[in-house]
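What follows is a single chain, given as structure tokens, in the form predicted on its own.
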Amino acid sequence: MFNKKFMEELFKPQELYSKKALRTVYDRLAHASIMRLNQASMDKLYDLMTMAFKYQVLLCPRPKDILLVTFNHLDAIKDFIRDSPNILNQVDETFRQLIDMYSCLSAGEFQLIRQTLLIFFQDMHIRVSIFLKDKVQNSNGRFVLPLSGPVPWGTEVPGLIRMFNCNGDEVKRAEFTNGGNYISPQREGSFDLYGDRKLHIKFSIKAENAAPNPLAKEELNFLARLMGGLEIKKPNGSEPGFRLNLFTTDEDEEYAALTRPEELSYKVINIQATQDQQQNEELARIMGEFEVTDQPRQSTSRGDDLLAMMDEL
């Protein structure tokens, strides 16, 4: 991804990629690694990537902070490749090219870049479950921007109006309620190769530790009973450990049973998971026949080992 030739082509002045071209580049980058995804998984990953980046661009306090977002992404990549000096050097070289090319741009040029990116993403309102759960995205796919946090570097907290005369002298002040909870930033984020980016737009897309499903253990125990490897312990009540339901609710299951045509109805199949000692011993004997003992063999090279393995197949 950070190959020198690829980076040189990427930094050449060019028109913004189309959505189709961006998707093609993204697919090739994803499949350049050992990762292999089917079409559905790739679609979800691409949607998550585009919506997460759109959210970060929207949350930039000022247009120049887009460069800090990019630096933040590269910092995260460097954390993964600390043990790979060659790749680390490539990322550092990309850092230097970004600094040389974009650090000298004016605020107006950064605003043009930010506006171009938002125009590119303006019709994309894909709902992401993580964003919906954190209430940063509405049900229509539009993001909810916060009314708090630090204001852009070099600006003041809104709430004061100053009025000047024709000579440039301040003659009057008026205060108003800004409707939010804003604070002044302590210092500007670092635009150097190393430093604190001072970004407050980080968010985690890792799955949270969900509460363990009590049915999962029962299902595994049920499978173990079917294989004859677990002693049967009957529950205290008359209900079984778990019940398989392919419908969303019990009401849906009952409604489907009532509306199902008679010719398509089938009898309920009950699976008896209990097994006596004789059956367990018989199953253990069968499983023992599958055991393969390692035969010591001598080989002179890796090629001989491979040929020996193929002969055994």
Partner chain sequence: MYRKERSVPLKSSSSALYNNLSVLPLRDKQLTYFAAVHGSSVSLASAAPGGLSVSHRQLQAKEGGPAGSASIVTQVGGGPAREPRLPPAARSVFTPQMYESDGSIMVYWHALDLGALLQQKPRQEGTSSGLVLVFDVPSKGTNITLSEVLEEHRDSITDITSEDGAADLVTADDSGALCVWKAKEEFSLLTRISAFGWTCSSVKLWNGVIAAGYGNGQIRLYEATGGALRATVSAHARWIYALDLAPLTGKLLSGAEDSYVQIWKLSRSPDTGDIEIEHCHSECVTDTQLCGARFCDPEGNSFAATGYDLSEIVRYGQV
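Rigid core: the largest C-alpha set superposing within 1.5 Å between the two forms. Here the structure is a predicted model, which means the values were calculated and not measured. Residue numbers count along the first chain shown, from 1.
One more form of this protein, predicted in complex with the partner chain, exists but is not displayed; see below.
R114 within 4.5 Å of the partner chain in the predicted complex, heavy atoms: Close contact exists here: in the predicted complex, R114 approaches the partner chain to within 4.5 Å, heavy atoms only.
The partner chain contact in the predicted complex: F176, any heavy atom under 4.5 Å: Contact with the partner chain, yes.
Residue contact check: V151 to the partner chain in the predicted complex, 4.5 Å heavy atom: Yes.
Non-hydrogen atom contact D123 with the partner chain in the predicted complex at 4.5 angstroms: Judged by the heavy-atom cut-off of 4.5 Å, D123 is in contact with the partner chain in the predicted complex.
Contacting member of I81, A76, M101, L145, with respect to the partner chain in the predicted complex [4.5 Å, heavy atom]: Contact residue from the list: L145.
Site test, E9, R23 and P85 vs the partner chain in the predicted complex, non-hydrogen atom cutoff 4.5 Å: Not a single listed residue reaches the partner chain in the predicted complex, so no.
Interface segment, criterion being heavy atoms within 4.5 Å of the partner chain in the predicted complex, picked from 164 to 172, 126 to 134, 68 to 76, 85 to 93: Selected range: 164 to 172.
Core-aligned C-alpha movement of N165 between the shown form and the other one reaching 2 Å: Superposed on the core, N165 moves its C-alpha 2 Å or more between the shown form and the other one.
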